[in-house]
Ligand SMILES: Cc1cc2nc3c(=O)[nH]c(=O)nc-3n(C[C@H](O)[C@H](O)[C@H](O)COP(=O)(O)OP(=O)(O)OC[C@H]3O[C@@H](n4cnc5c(N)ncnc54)[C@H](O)[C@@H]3O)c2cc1C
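The chain below stands alone, shown as structure tokens; this is the form predicted alone.
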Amino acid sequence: MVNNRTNKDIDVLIVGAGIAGASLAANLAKTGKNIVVVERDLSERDVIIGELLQPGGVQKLEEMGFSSFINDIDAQPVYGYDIIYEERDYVIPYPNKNGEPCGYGFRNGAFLQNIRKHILAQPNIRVIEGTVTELIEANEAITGVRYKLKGATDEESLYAHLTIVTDGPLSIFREKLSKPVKQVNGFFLGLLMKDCEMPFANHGHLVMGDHPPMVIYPVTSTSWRVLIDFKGEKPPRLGKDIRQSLLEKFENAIPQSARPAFVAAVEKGKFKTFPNHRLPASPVNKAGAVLLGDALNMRHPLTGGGMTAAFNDVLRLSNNLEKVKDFSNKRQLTKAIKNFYEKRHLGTQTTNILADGLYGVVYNADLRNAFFEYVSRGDKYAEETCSILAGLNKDKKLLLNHFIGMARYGTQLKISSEKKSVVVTESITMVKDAVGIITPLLLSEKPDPGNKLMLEALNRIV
């Protein structure tokens, strides 16, 4: 959709039309601002990320008035999780207080195309298919971008009052607008199981044991996504040996009813891999620019919190920018951006901490067992933990209490079931391991007085 306004009239220029960029454009369009979006490829993408939207993300989508984006893509409601640990399992439903909060599983590309169709239909949004090559800077402020239209060789320029960079996990402009410390802690290998039965329909399944973790959830009415974690800085080799390796390591860990479908998916061999990043947000206040989405902040995808974090950011930034009536007013614009950066962690920190914290837990044998036994107690031990995973509860203190409570419960189980002389040292180590996992995650989020109090409490525990 091309409007008749000139480059000088551009209020907001968005680099990237992924989930964050496209939904931000859709939400900002309601303010009447003149918006330009530059996206490298507008065709439907086929990826293994962003296929599970937690209930907290669904709520944010509804707050923006965009729940229809989930329609007509064969999206599957998700009502909770089945935690599978060796030969046992425990089902934890999402909290159900006002109605029936649920998440959705879907193919990311189909969901994103719904958002893109919406922005293409807006009269105040111009969408350009092309590649941004450079951020234009003048007087220590970002004033626009240089880009090449798809298939073109010559560069063109666009100027705007505000440039929002949302160019994804492999961002090429991240270092310009932040001080990133990015870590690749492994890779997810993804495959699709077709026409199979899982123990609980319309539920996510976390499969733990003496093997790398797996996450399984529905993405269409006939298919389930399987994500298998591979630790390390290099992706697994997808040669002829990978099939045998997958069957040997994971077939018996898959619920029995789904094993034939797993074997068929492995033999088909249509694998995809994607790096699992950890990237704490470290933005630089640069006049005329905002960094957003995976370009700014990432967490391990084990808990499916990425889109929930993105929609929290989109809504918070949109609300701040809505207060700026004239985007040529640099002082007001800068104030709105600064406020966004200062407050955004309130919507994302528990999602980030839980994702990377749980990833540490599932690779620690004692903590993995403690986690399963802890949530299997039901009541608040399962409900409150699940409310944080769902993105519905953002109480960081509650998250910390449950994390340390899990480790303490694990030590109690050890002491009561084994000889004290054997387990005292192991029990102390378990609590120290839990503190060692959670402490750097607390520090990586925006510091506040509560962090200091929590760290002092942790030191007392150890």
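One rule holds for the numbers: they count along the sequence shown, beginning at 1. Nothing here was measured: the structure is a model prediction, and the numbers come from that model.
A second form of this protein, the form predicted in complex with this ligand, is not displayed here; the remarks below concern that form.
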Give a yes or no on whether every one of R116, G130 and D167 sits within 4.5 angstroms of this ligand in the predicted complex by heavy atom.
yes
Is the gap between V36 and this ligand in the predicted complex 4.5 Å or less for some heavy atom pair?
no
Using heavy atoms and a 4.5 Å limit, would one call F188 a contact residue for this ligand in the predicted complex?
yes
Within a 4.5 Å heavy atom cut-off, is L291 in contact with this ligand in the predicted complex?
no
Although this ligand is absent from this view, report whether N276 comes within 4.5 Å of it in the predicted complex, heavy atoms only.
yes
Name the stretch: of 329-337, 387-395, 367-375, 292-300, exactly one has residues whose heavy atoms fall within 4.5 Å of this ligand in the predicted complex.
292-300
Using a 4.5 Å heavy atom cut-off, which residue among I254, A75, M198, L227 comes into contact with this ligand in the predicted complex?
L227
Checked Y94, F250, Y359, F173 for heavy atoms within 4.5 Å of this ligand in the predicted complex; positive is F173
Going by heavy atoms, what in 17-31 lies within 4.5 angstroms of this ligand in the predicted complex?
A17, G18, I19, A20, G21
